[in-house]
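In structure tokens, one chain follows: the form predicted alone.
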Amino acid sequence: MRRVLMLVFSVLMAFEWGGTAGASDYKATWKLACTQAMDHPYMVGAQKFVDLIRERTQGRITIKLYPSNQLGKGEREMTEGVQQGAIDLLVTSTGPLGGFSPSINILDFPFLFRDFKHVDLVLDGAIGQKLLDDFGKADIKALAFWENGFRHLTNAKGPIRKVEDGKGLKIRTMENRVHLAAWKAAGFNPTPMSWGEVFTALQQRVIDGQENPVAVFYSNKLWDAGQKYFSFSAHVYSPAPILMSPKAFNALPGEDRKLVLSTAMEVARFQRKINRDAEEAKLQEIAKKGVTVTRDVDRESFRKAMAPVYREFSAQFSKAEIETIMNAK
């Protein structure tokens, strides 16, 4: 009996040791893609994520960065790459994501958020987690909400302080139904366009303007494309989910899955902070480039003009869902 017990004990220990060894021996090299350049806050956050994952796995998991559309023509194409397992990680705006996970479009309503504190309360809470989980239905693992920022209007024709100043202006928007509807309601002429095409379209005056956070305007030097007027409209807050291929995520041992998720959330706080802290200095640099920065924008005129979009999408998003976000405190 003693011999039998010793044999059973040995088998159990061998099994336990084998499981542990399998986890500690796991190795991978991942590709992380993005539309933006290395100096953009997306990629600053991505580099922090790379460094922490490498350190915390003792080099078992390494990540190579592919900024500036190196792995695709735009966010939609690269999101499809994540679905298919060709791209392991992607930092993206929510622009095209409604086509993959419709619930994410609720964050694209104009004037939904009061300020950054309100943003963090919603995205880091139960509402944000539900939106991340919904990506699973599209064969995408969403890890956390990083940040693009509040979006502002720029153009080549003249300063815009109130909504009437921009009537008929042809502006590029993301490939997003809510954004398109909001700008049409405001009297603009919105044109959906992949980000990789925007700079040339602005240079050639195919479009008059665009709307993006300060960091995107600054990182892409849009003043060189003729964008000489910047209106601090803050009409929409734009999060930046970090997405992962389920193929890569599911291949991870359990402890590594927890590590990747917790690290993505930790970097979310870091990435949002550096984005916000740098905004004022970037605005001042933009002004030095000859751009007229209009800070006293009549945001209420924009809010009223864009209000019909809430009714237009009432079948998809209930008033209660929207008010839950708007009233979060």
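This structure is a prediction, so every number in the text was calculated from the model and none was measured. Residue numbers run from 1 along the displayed sequence.
One more form of this protein should be noted, the form predicted together with a small molecule, which is absent from this view; the next part is about it.
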| property | result |
| --- | --- |
| Heavy atom within 4.5 Å of the small molecule in the predicted bound form - the one residue of Gln227, Asn212, Asn176, Thr79 that qualifies | Asn212 |
| Heavy atom within 4.5 Å of the small molecule in the predicted bound form - residue from Trp195, Phe113, Phe150, Phe188 | Trp195 |
| Joint contact, Asn155, Ser231 and Val291 to the small molecule in the predicted bound form, by non-hydrogen atom at 4.5 Å | no |
| Asp108 within 4.5 Å of the small molecule in the predicted bound form, heavy atoms | no |
| Contact flag, Ser93 vs the small molecule in the predicted bound form, heavy atom cut 4.5 Å | yes |
| In the predicted bound form, Glu75 touching the small molecule (heavy atom, 4.5 Å) | yes |
| Non-hydrogen atom contact Leu123 with the small molecule in the predicted bound form at 4.5 angstroms | no |
| Contact stretch among 167-175, 138-146, 244-252, 123-131 - heavy atom within 4.5 Å of the small molecule in the predicted bound form | 167-175 |
